[in-house]
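Just the one chain here, the form predicted on its own, laid out as structure tokens.
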């Protein structure tokens, strides 16, 4: 059976009406749309064909139709293809509530990501999740040892993407300023640009040989470096708007709401699941949409998740996810994420310059 332009128009009309109302859509409702100019009888015949094609379903006798996951997928793929064409055209982005936030220099990335999650949740009326920046290919960018009070030094470890961890090291030996300067030189010469896996026994042995009497300092600095890499791997997850799920009856029946809330509270599991979502083979879209069974979390099979990936440079990235019902307003969510990513790119590029 051919999915012609008229069937497609009726399918999209059903989806858009169901997005607004959450109620099954009947032929009479669709027949009132001026752009179609079709009788209820004609629309019923087309609906029957769409149902046979697995694009819509009748939830119970005498009810209208609602879209299936397959129907949503067709709708979303067509929308994303249209978005890709529009993206090639120059346009002025409307100001979002977060524009002021992003154009203001914020020294703490964590604060910015939390605020972004809150604003996206308020703007879309869905639940938002943002993972902290991370990279499995992180490398050591810089080390700085500075004297503190007696028996203590400050070791600042900087990874790619400017992920910074300050470590206060307590020593059994006294290390003078000149000796610290020399250790800074040795450590940066041997470690800068290396990943954790590349800091092997050979590298460590060479460091300790060069350090001479200051093997203790080198050992504690290496421990601090390893802890920083470990912290970077266990990136934080920021969520906002969890109560928004109660706006949608299809997500609150039975134990669904409590299961969803529990999932959102398990931030580490949620972050790993959403962070692991990859673009479909051959896709060039920066924004991806996952519908129903495509979402790798059992309690979210009645949901859709729209994701975007942000970058801090040096291969350091994080994910933004918008979680809502399958009848979410995909157009609004995609537009909002595109505008957000554009503002993020602008602020990070300014920061890099």
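From a predicted model like this one, the values you see are computed outputs, not experimental measurements. Positions refer to the first chain, counted from 1.
Below, we refer to the form predicted together with the DNA, which is not included among the displayed structures.
Asks: Judged by heavy atoms and a 4.5 Å cut-off, are 6, 58 and 62 together in contact with the DNA in the predicted bound form?
Replies: Spot residues vs the DNA: full contact, yes.
Asks: Tell me which of 289-297, 43-51, 302-310, 318-326 has residues with heavy atoms within 4.5 angstroms of the DNA in the predicted bound form?
Replies: Every other range fails; the passing one is 43-51.
Asks: Quick one: is residue 25 in contact with the DNA in the predicted bound form, heavy atoms, 4.5 Å cut-off?
Replies: Residue 25: contacts the DNA in the predicted bound form.
Asks: Under a 4.5 Å heavy atom criterion, is residue 38 part of the interface with the DNA in the predicted bound form?
Replies: Yes, residue 38 is a contact residue.
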